[in-house]
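Listed next as structure tokens is one chain, alone, in the form predicted on its own.
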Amino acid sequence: MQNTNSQIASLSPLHHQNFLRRNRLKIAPWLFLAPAMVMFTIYVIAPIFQSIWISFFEWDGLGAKTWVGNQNYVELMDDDRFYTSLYNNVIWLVLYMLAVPAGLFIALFLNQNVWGIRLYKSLFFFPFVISQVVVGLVFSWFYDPSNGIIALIFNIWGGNPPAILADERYVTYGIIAAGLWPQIAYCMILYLTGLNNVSPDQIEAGRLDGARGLKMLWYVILPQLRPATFIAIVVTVIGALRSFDLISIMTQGGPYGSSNVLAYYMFETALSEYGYRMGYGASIAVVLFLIMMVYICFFLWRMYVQEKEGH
């Protein structure tokens, strides 16, 4: 009887109030995180598993699904357009990483207290607030072989302007150049924020130890910018792999599919008039997701190792 009474007492509202009061510091963060975790699960985690599941079917998006197992992935291995898109994504990854050091050096240049520096910051920040659609249109006009800026420069020097967006050799590099313009501005913002948190005491200590120029940058400033560098690299990698809007605006994958990337090829296959093959498009999305996860997990592991060595 006494045990029963004690159990009832332990379940009383007063007991729960005491429990919540004692553990409020542990419970409060989870209460704040709960809405975001629910939304993230519904709109990110669940669609990932749904895409993986759909990739094992042949489906037009409306009718009945037909189970085909790994047939979509087998077909990918013999798809020349898939390999072209994958190769272009590799080029995007390699060249897009130029945005990180470029953003760093621009941030170092702008991190000064001189007259007019706010105007310079605004000018460098301007590409970041422009829509990717506008960026694509602007660079399409630049590359116009008839009246674009590139054509005017070639005409001044008596040369024949190249049709960059119509030439299979140059089209991917031309689109990447357009994408680098706002991406460098984004990395610059990250590094400017990181530079505001650099410890003046460490810089002064480095000067006392004789660190100047590149030594100061390498041994004193860059170690304090690791969080900003990590975010810049991850965001740049994701931006390179999910490149879609610029290609859609500037070339629509042309000429002859030579500027296609995995994200745009997935759209063409699954949602455009060329396919309506949801299962095949989902298999391309799964491959793109796995590539993205490899890069992100690698950088997370590197960051963890560096933090562990630092402690």
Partner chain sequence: MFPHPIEKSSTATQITYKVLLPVALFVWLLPLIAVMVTSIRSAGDINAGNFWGWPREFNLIENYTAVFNNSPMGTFILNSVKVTIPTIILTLALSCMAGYALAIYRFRLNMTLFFIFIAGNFVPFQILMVPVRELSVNTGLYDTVTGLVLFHAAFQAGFCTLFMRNFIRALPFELIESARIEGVGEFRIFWNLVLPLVRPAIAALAVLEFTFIWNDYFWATVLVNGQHAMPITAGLKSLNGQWIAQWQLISAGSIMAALPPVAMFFLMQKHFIAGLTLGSTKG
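For clarity, a rigid core is taken as the largest C-alpha set superposing within 1.5 Å between two forms. All values reported here derive from a predicted model rather than from experimental measurement. Positions refer to the first chain, counted from 1.
Absent from the display: the form predicted in complex with its partner chain. The rest refers to it.
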property	result
Non-hydrogen atom contact residue 120 with its partner chain in the predicted complex at 4.5 angstroms	yes
Its partner chain contact in the predicted complex: residue 51, any heavy atom under 4.5 Å	yes
Residue contact check: residue 258 to its partner chain in the predicted complex, 4.5 Å heavy atom	no
Distance check, residue 227 to its partner chain in the predicted complex, heavy atom within 4.5 Å	yes
Contacting member of 125, 173, 87, 219, with respect to its partner chain in the predicted complex [4.5 Å, heavy atom]	125
Sole residue of 91, 205, 74, 130 within 4.5 Å of its partner chain in the predicted complex, by heavy atom	130
Residues in 222 to 254 with any heavy atom within 4.5 Å of its partner chain in the predicted complex	227, 228, 231, 234, 238, 242, 244, 245, 248, 249, 252
Large Cα move at residue 252 between this form and the one not shown, threshold 2 Å, rigid core	no
Shift of residue 267 between this form and the one not shown at or above 2 Å (CA, core fit)	no
